[in-house]
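Let's start with one chain on its own, the form predicted alone, as structure tokens.
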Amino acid sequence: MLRRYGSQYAPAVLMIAVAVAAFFAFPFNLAFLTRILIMIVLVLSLDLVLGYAGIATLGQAAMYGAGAYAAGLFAIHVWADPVAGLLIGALAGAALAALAGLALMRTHGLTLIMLTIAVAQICSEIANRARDITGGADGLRGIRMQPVLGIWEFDFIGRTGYWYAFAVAAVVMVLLAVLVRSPFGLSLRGIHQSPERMLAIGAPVYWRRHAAYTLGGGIAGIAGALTAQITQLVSLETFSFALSAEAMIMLILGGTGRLYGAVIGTVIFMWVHHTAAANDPFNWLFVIGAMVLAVVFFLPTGLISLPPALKRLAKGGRHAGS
């Protein structure tokens, strides 16, 4: 029993240990590390939508941007409490996903992908034209946040922002771990594998997909709210197609349908991106492309499957040697 529970909680303990080690090992790169944590939340939302429910989308940035603008405007005009802002960001992302999902969840394949991109572009244009509210192309400025829980103030170095983002990412991770193991999560897996069979046994496929898309939108909204609160700036880039595409690449690298795959893929992608772009600002995409091709050809289920693959290779080598 101890061994079973130990293996169950080992990844969580490892994540906490890595976060603490990164905080002390890179004290002058906390802004970059915080950005990684925020992207982990966004990629986790995509994993729920794509990896578990099988909803192909390249427009997750729409809910991310909605959460960012909602949290920023809420902080400026209503209340600058970070936790309240997170809830507003989640509601904004979930509301947009719920509204768009009524039409999107009736489509599939390439049509669905193109429509999700269109939703993000429409949101970007609305934010651009509503200059008096959003700041337009200049971005939403003037966001000043209160201390987290009334205790920890956001500092210039970024210590509070880092631990705040880590706490939110950890809570999202735990909630999703519970969700995907619930009957609802198991039904999403069934819909992903065979929607026709789930329909045959009486499962409400359309509404389950819609609920998953809405939940994913709420989590993406949380990621956007974190960005607005920590950077204290929201720009039109929050709706960009590049953001949705990068989130997709991160998820594919780590492995879809497994929450820790989203974490691993995000960390590796952003670290390689940061390092390659710093060394060669013009050709860094070559490194990213080569890495993606290598994973797709040799580890089609993502980097999270690398340890089992190495174990099988080692066992095969021992058997061949004997």
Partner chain sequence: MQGLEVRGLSKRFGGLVVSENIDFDLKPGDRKALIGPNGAGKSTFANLVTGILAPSGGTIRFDGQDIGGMGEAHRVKLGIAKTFQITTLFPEMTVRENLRLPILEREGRGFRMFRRASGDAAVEDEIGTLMAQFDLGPLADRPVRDLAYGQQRLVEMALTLALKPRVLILDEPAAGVPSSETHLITDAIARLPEDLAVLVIEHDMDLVFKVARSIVVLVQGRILTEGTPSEIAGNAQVRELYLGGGHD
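Numbering follows the first chain given and starts at 1. Source: prediction; values computed, not measured.
Missing here is the form predicted in complex with its partner chain; even so, the following discussion is about that form.
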{"item": "Which of 220-228, 85-93, 202-210, 121-129 lines the interface with its partner chain in the predicted bound form (heavy atom within 4.5 Å)", "value": "202-210"}
{"item": "Residue contact check: R181 to its partner chain in the predicted bound form, 4.5 Å heavy atom", "value": "yes"}
{"item": "Interface membership of A98, its partner chain in the predicted bound form, 4.5 Å heavy atom rule", "value": "no"}
{"item": "Residue contact check: R141 to its partner chain in the predicted bound form, 4.5 Å heavy atom", "value": "no"}
{"item": "Partner proximity in the predicted bound form: R106 to its partner chain, non-hydrogen atom cutoff 4.5 Å", "value": "no"}
{"item": "Listed residue (L215, A75, I249, L236) with a non-hydrogen atom within 4.5 angstroms of its partner chain in the predicted bound form", "value": "L215"}
{"item": "The unique member of M198, V148, A170, L112 whose heavy atoms fall within 4.5 Å of its partner chain in the predicted bound form", "value": "M198"}
{"item": "Partner contacts in the predicted bound form for 247-267 (non-hydrogen atom within 4.5 angstroms of its partner chain)", "value": "none"}
